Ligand SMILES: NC(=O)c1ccc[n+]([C@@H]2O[C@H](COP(=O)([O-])OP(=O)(O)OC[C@H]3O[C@@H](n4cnc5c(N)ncnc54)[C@H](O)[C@@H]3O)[C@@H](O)[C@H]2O)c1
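One chain comes next, on its own, written as structure tokens: the form predicted on its own.
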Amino acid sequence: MAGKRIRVAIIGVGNCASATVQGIYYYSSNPGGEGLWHPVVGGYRVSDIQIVAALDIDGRKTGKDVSEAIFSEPNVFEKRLTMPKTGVIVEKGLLEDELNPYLASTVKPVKQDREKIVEYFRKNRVEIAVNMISSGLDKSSLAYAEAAREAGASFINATPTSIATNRLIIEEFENKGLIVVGDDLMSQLGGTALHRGLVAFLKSRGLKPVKSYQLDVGGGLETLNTMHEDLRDFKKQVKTSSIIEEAEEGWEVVSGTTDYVDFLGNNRVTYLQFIAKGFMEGGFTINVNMRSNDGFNAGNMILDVVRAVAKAMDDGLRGNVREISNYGFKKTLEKKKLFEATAVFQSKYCG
């Protein structure tokens, strides 16, 4: 949309936020640069995205310009370019949950109340708030969604907390004429996307997937956080449920994070094994190993979803816009095959 900027608030200035912010500046300066999946989404270019607000609960990031905070501890996503000052200072965020031992040992928490967040969003005329805080902080994510709604901002939930899949919350956003999408961001080519894609490929070649497993080992705060037993089990359920959407019943699948390795930084190593049956029930076994980076994997998806939500707002849509949720997230209201969801999104927003 020529001349229109998308006013965005970043909630959680972690590794994914670092990749996203650097990506905005990189592709604004290099609009034809390699690696950008969709240069135009909904009529918007990456240069149309403007970060106008940022929140975090780590005292090592608050009070700093976003350009500095994205490289502050405990972030480990690499510095890809020299960032100019943004003029946006990271403010104290919401913390409604008790930190699990892994987060408590890493984060130096500071916080403020929801009313001040609502005022902050209104003051900065935030149109879209992107929630990228650590998984498992469910009360905090819900409070952020409420604050965004009260301030008149649409909400993108990159965490596994049930927000865009909560029908009551969807109705509340609909009543305010706002959009809410999510939940749990799908990496561009993470373990879940690769797992689903390979299942679809096997089926397209006339093979029947019988069993598969996906094991992830990673570094960074998000993986460390996932070591908490309750969260690890929950994430396992979300990933497994997403993958099962690609095949018929009777297929055994296990997917989840298995361990944290500090020196991997923001990288992740994924191990996949597939067992499938073909002609005369002959067996196939496929083993796959992939090394990826969580920040890079999030960047394209977040930039796409932000621009798609802006377009949906322009079109007067409200509530959960399912073609956006289905494309960008693991936990959704509507069950769609990976390639189908991508094709629908591209047809509507990238044509």
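One-based numbering along the sequence shown. What you are looking at is a predicted structure, and each value in this text was computed from that prediction instead of being measured.
Absent from the display: the form predicted in complex with this ligand. The rest refers to it.
Only one segment in the set 169-177, 185-193, 79-87, 119-127 has residues whose heavy atoms sit within 4.5 Å of this ligand in the model of the complex; it is 185-193. Annotation: in the model of the complex, residues Q214, V217 and G256 none come within 4.5 Å of this ligand through any heavy atom. Contact with this ligand in the model of the complex, judged by any heavy atom within 4.5 Å, is made by just one of A145, L137, A153, I243: L137. Under a 4.5 angstroms non-hydrogen atom cutoff, this ligand in the model of the complex has N297 among its neighbouring residues. Proximity of P160 to this ligand in the model of the complex falls within the 4.5 Å heavy atom cutoff. Mapping the unseen interface onto this chain, G23 falls outside it, with no heavy atom inside 4.5 Å of this ligand in the model of the complex. Mapping the unseen interface onto this chain, K331 falls outside it, with no heavy atom inside 4.5 Å of this ligand in the model of the complex. If you take 49-64 and check each residue for a heavy atom within 4.5 Å of this ligand in the model of the complex, you get L55, D56, I57, D58, K61, in sequence order.
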